[in-house]
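Below sits a lone chain in structure tokens, taken as the form predicted on its own.
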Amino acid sequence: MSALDAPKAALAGLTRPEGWVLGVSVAFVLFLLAALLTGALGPTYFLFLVGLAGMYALLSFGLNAQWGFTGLINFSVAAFFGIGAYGSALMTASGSPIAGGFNPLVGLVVALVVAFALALLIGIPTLRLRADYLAIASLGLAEVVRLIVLNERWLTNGSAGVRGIPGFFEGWPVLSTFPEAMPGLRLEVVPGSPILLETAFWQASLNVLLVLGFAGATFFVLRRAHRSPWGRVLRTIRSDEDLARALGKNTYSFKMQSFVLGSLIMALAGVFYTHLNLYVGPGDLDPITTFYAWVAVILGGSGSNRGALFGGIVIVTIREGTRFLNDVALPIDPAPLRLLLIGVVIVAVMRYRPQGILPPQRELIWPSAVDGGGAPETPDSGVRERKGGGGDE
């Protein structure tokens, strides 16, 4: 029975953490709606925040496919994010030092191909070894990519970054002219607090639709993969790689597939960010991006796609919400509070919910096994007993 058929039954079936997340989410949406109606939050900036939350959700999905599914420690999230961002920017931007002017779809394909090649390059020599070696290699890769972007001016424009990046729907029929074709609207729900819906708003709405498409497709693929035999092998590798190898599974091949899949999702997040921000620079490859992705996955629950989505939204809420503290008279600078709040969240989660807010058990094959219903039902008697009973009759 679906939630549309019986919403009360669906709500009654929620676990306590799921109910808590639902309640907090509804309260947060109502708070944002009130901020929009009163003019405290601009509609265009609100859509930008939604796009940013979708980008971090994609980063969390990618890391979850590696660490949450297979146990691969990847500290190069920012590197693959940067590959996606610069790969698309250098192919599409008018200020690109090497190419530019191509359709954004070409930039998307080029970025994913480069990320695929880089994932193979780093995975081939390291995935046959212990997880520690992958962590060390990925940490070095992140710094190598950042230094190349910063210093190779002929390739990436150096510290100046790449400007003149078009929107993702540039050159598309109908969608490319949609923001300019839409009329400017002025809504005033609360007297004295008008809401202006102009060209920038309609452009931001296209970005939101794009990231919803990316994130929705990624969530669907990972959800299917998690419940498939392929996903079960990955979970076995994460729990006991020797056992998976003893069962005849090529663990190296499965780990490579998981690593490449996660890397492509991270690059996809970079592609979206490029066309959201319309500028990309070396500062976007800061290691803090990797830190945020790890926090999101740990907060939501390793191996949980819903948790990765929730964690990405929380990270954006803390990161961008602290900006509004500048309008409040505080005796300290509010900027460092961002990392302080994230640290407090991590300490609290590891203390009270080490498995994460939304652990992955309910996303597995038999969700009833973790909902208080116990293990799947087994017959009271075996086949032989049933046959014997039938013969006596």
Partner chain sequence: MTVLGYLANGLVFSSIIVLGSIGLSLVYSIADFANFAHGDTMTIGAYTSLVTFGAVGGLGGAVLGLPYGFFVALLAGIAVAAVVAVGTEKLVYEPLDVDSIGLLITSIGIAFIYRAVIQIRFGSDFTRFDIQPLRPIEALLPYGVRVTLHDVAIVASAVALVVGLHVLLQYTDLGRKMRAMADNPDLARVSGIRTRRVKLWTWVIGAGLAGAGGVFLGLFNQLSPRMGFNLLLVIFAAVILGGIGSVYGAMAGGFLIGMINQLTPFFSAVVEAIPIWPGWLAAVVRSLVSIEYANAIAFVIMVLVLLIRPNGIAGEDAT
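Numbering follows the first chain given and starts at 1. Since the model is a prediction, treat every value here as computed from it, not as a measurement. Between two forms, the rigid core is the largest collection of C-alphas that superpose within 1.5 Å.
Although not depicted, the form predicted together with the partner chain is the subject of the following passage.
The three marked residues, 18, 198 and 208, fail to reach the partner chain in the model of the complex, with no heavy atom of any inside 4.5 Å. Think of it this way: in the model of the complex, the partner chain has a heavy atom of just one of 320, 132, 240, 170 within 4.5 Å, and the residue is 132. The contact residue chosen from 137, 256, 264, 316 relative to the partner chain in the model of the complex is 137, the criterion being a non-hydrogen atom within 4.5 angstroms. Proximity to the partner chain in the model of the complex, taken as heavy atoms within 4.5 Å, picks out 347-355 from the listed stretches 57-65, 44-52, 26-34, 347-355. Put simply, residue 159 is far from the partner chain in the model of the complex: not one heavy atom of it is within 4.5 Å. The partner chain is not shown here, and in the model of the complex it never comes within 4.5 Å of any heavy atom of residue 99. In the model of the complex, the partner chain lies farther than 4.5 Å from every heavy atom of residue 310. Of the heavy atoms in residue 294, some are within 4.5 Å of the partner chain in the model of the complex. Taking the partner chain as it sits in the model of the complex, the stretch 267-289 comes within 4.5 angstroms of it through a non-hydrogen atom at 286, 287, 288.
Relative to the superposed core, residue 346 undergoes a C-alpha shift of no less than 2 Å between the shown form and the other one.
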